[in-house]
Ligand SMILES: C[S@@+](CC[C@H](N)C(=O)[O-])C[C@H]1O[C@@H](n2cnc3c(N)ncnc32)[C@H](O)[C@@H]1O
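Shown below, as structure tokens, is a lone chain in the form predicted alone; questions about how it binds or moves come after it.
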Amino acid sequence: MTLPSDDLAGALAALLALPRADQPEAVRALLARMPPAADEPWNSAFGPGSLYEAFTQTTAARGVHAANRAVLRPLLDARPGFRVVDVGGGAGTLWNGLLRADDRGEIVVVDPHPDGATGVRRAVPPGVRVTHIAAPVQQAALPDADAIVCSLMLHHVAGADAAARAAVGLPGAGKREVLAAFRAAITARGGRVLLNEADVYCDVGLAPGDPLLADRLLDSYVRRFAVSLARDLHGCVDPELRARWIAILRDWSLAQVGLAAGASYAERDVYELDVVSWLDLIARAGLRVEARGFTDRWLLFHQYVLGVG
């Protein structure tokens, strides 16, 4: 029997009232009662009507963008002809309403997706040039920048550093090496890094199949994000947006718990760090925290404003 969308909040509340050890199985049971899966894999499309674009309309995501705009606008005002590196341009939502018609500068989008810069180009005025580095951030040659914005992206990079990756059989750079590259890119211009990530630990220190890994993923994707999205759904009267939000709740939030917890290191898509771990890693990369704080009432997403240490 399919669960009506109006009952989702109640179903989540009942799930979260269970003992923590019983919640992963309850997530699987709830998934079985929800409508069929969407045809659109997560992070495969970013344009109007996509699941990603619907995600940017959630309260939690809007809080991230609002916090970043509040830091970026004064910085851009002080730097005519600015250059900003946007790691993972997505739907370009950050730039909607941020820039003025007379702004001049450049936005360099770093995103391996071939359409990674399309949304940003739609959102900016003619005087702002948009270029695209079609590569993962670990492999990108970053230009000198006045600001680097990296929102909800570094959790896709496994391992705190290259050594942690090597210990589980993964080659290449980890998060610290990426942060060090950010530091190098902002040094000449005295720029800033705006980093946004969830406050939860599920990096390679937790092995596939570890019950604690499933619990940590459930903490992020269900206890906080799914609850926030259920609240958004309660007040949403747009049937098309509701349908996309329900697809996100099912395919990205609930399903992520089982998929990521059982995936191998190479297959897992999320490698989050909690705030304490991020602060340690930021310092190790030679960056200084100038300001930080949560951007939503569920204490999920945390913003770090970073300068050269």
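The first residue of the shown sequence is 1; numbering continues from there. Just so you know, these numbers come straight off a predicted model, no measurement behind them.
Same protein, other form: the form predicted together with this ligand, not shown, and the subject of what follows.
Taking heavy atoms and a 4.5 Å cut-off, does Met153 contact this ligand in the model of the complex?
-> The answer is yes: Met153 has a heavy atom within 4.5 Å of this ligand.
Using heavy atoms and a 4.5 Å limit, would one call Phe46 a contact residue for this ligand in the model of the complex?
-> Phe46: yes, in contact with this ligand in the model of the complex.
4.5 Å heavy atom contact, Tyr52 to this ligand in the model of the complex = Because a heavy atom of Tyr52 falls inside 4.5 Å of this ligand in the model of the complex, the answer is yes.
Is Asn96 close enough to this ligand in the model of the complex to count, meaning some heavy atom within 4.5 Å?
-> Contact check for Asn96: no, nothing within 4.5 Å of this ligand in the model of the complex.
If you check Pro136, Gly105, Gly205, Pro208 against this ligand in the model of the complex, which one has a heavy atom within 4.5 Å?
-> Filtering the options by heavy-atom distance leaves Pro136.
Position in contact with this ligand when the complex is considered in the model of the complex, options Gly190, Pro80, Gly127, Pro112, heavy atoms within 4.5 Å | Contact with this ligand in the model of the complex is made by Pro112 alone.
Can you say which of 96-104, 160-168, 80-88, 219-227 gets within 4.5 Å of this ligand in the model of the complex, counting heavy atoms only?
-> Only one stretch passes the 4.5 Å heavy-atom test: 80-88.
Hey, which residues along 237-275 are within 4.5 angstroms of this ligand in the model of the complex, non-hydrogen atoms only?
-> The stretch does not touch the partner at all.
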